[in-house]
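First comes one chain, alone, set out as structure tokens in the form predicted alone.
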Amino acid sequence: MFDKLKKILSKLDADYGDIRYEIKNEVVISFNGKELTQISTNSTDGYVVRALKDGGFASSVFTKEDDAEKAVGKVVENSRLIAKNLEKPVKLTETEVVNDTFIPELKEDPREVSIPEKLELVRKYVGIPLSHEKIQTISLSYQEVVREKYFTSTQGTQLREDLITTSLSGEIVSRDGNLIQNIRVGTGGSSGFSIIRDQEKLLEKRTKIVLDLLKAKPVKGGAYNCILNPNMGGVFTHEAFGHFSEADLIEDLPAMREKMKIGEKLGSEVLNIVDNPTLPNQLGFYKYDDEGIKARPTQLMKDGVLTGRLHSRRTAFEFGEPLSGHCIAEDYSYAPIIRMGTIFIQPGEHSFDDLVNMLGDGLYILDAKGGATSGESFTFGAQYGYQVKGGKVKEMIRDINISGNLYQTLKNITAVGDDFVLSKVGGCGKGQVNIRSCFGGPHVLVKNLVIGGV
């Protein structure tokens, strides 16, 4: 394969070029209640070629080898056209030449598990919630995505890496008269098929929560001191803070670049944030990004001070900052863009009981449920929560929305737990879909969160 890719690149009249070839295999098994709604397997492949010519940088996607020469000509032509319309030429940060192959060690390769066995496992999980009287339905899907990637560049880098993702995700719906509640359920990762097995307790736990929600009271709106669980805190970190750490999102926004200057004090002194795609067996793990750059941990915030940013080769040069290995594509259909890998608040020193005692009276908010950001402002739904009174977790609450200002909220994080949980099902829709976008962290204590309710 590499000989073929090098032959294509040899026809590229450019100052720099690279090409990525991928074979993508997918399996999807979906249920809506007891009904099997989808069972599919799909295999596709394709190429992405990029070229830097006279300061213009362009990409071209093609799926047939016979179209390679046409794609190479087109990408150079487009690079020249872009160069003529730029005020400043594109430059790429220099990087080391790498020659490596990385095939992950899996705890049971999903490709070696038969479709009938996968089907019956999902069917068994579907039956767990449906055995309860007040469960209206469950939607549940198994998804398996295998990306076999080959990358080479005119600078001599040559990489082969597999990304293998398995997930089980869906929603359980309960009903009592006119009252309907729902809860999300999911597990998965990059460690192999074994993580999909033995998930009966997960289904039972989520079923109990959605049944308990039928008896929960809607939260009363107001400003509260709150504890956010790892999922809720992780979504805040990803959505409200993490995207502003992606250099391509702020490079053309002067006001945001000013606020997000390295060295600025943005959060409380207890706050440390990292993006680390090198954590083995986690959903967000990879060894090399789609520019051929080795992934590395990036300290984004230390003691509340902004210390780093996520980059492509282009933005690293533009900002004069180090490469981070965070330029990722959904698959062979796209050129890569800057993406988070595994972003989280680093654990602190407080146990959960410590946090509850420090909170005294307030709310314990669990598991994100949609949301949106607009500039510095954010709004997220929560799947459920609890009243906290006198340092004790009390009644369940529902219908929760939290909102606030990013920078004020970062300063209002006053204590960080010593636990650490990362998401097993991810996803980010910035420009492209990244199913391996991972987030999480510890429990965190936040002052004065605005809670929408009755």
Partner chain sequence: MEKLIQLAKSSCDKAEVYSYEYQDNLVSFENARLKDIDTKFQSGFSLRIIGEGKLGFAYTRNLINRKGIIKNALDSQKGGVEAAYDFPQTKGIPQLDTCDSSLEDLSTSRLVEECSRVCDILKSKTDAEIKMGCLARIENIRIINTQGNDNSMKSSKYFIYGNMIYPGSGLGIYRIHQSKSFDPVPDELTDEMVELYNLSSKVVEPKGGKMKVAFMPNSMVTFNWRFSSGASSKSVYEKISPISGKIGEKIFDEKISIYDDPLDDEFLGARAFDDEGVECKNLTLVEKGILKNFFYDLDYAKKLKAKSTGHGYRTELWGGDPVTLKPIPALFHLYIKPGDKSFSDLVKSMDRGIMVEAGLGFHSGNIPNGDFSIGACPGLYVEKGEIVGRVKDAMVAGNIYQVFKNVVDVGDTLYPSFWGGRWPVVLCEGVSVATKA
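None of the values given here were measured: they were computed from a predicted structure. The term rigid core refers to the most C-alpha atoms you can superpose between the two forms while keeping them within 1.5 Å. Positions refer to the first chain, counted from 1.
The same protein also exists as the form predicted together with its partner chain; that form is not shown, yet it is the one meant from here on.
Chemist: Would its partner chain in the predicted bound form be within 4.5 angstroms of a non-hydrogen atom of every residue among S59, D252 and G370?
Modeler: Yes, because S59, D252 and G370 each have a heavy atom that approaches its partner chain to within 4.5 Å in the predicted bound form.
Chemist: For the interface check, one of 201-209, 344-352, 160-168, 377-385 should have non-hydrogen atoms within 4.5 Å of its partner chain in the predicted bound form; which one?
Modeler: The contacting stretch here is 377-385.
Chemist: Evaluate N401 for contact with its partner chain in the predicted bound form, applying a 4.5 angstroms cut-off between non-hydrogen atoms, and reply yes or no.
Modeler: Yes - in the predicted bound form, heavy atoms of N401 and its partner chain come within 4.5 Å of each other.
Chemist: Is it the case that V421, even though its partner is missing from this view, gets within 4.5 Å of its partner chain in the predicted bound form, heavy atoms only?
Modeler: No - in the predicted bound form, heavy atoms of V421 and its partner chain never come within 4.5 Å of each other.
Chemist: Is K394 part of the interface with its partner chain in the predicted bound form - any heavy atom within 4.5 Å?
Modeler: No.
Chemist: Does Q181 reach its partner chain in the predicted bound form if we count a contact as any heavy atom within 4.5 Å?
Modeler: Contact with its partner chain, yes.
Chemist: Have a look at R175, R147, H243, R296 for me and say which one sits with a heavy atom within 4.5 Å of its partner chain in the predicted bound form.
Modeler: Checked against the cut-off, the match is R175.
Chemist: Within 4.5 Å, heavy atoms only, which of K302, K74, K287, K134 is in contact with its partner chain in the predicted bound form?
Modeler: The residue in contact is K74.
Chemist: Within 1-39, which residues come within 4.5 Å of its partner chain in the predicted bound form, counting heavy atoms only?
Modeler: Heavy-atom contacts to its partner chain in the predicted bound form: E26, N32, E35, L36, T37, Q38, I39.
Chemist: Take the rigid core as the frame of reference and indicate whether the C-alpha of P280 shifts by 2 Å or more between this form and the one not shown.
Modeler: P280: C-alpha displaced by less than 2 Å between this form and the one not shown.
Chemist: Superposing on the rigid core, is the Cα displacement of G73 between this form and the one not shown 2 Å or more?
Modeler: Yes, shifts by 2 Å or more.
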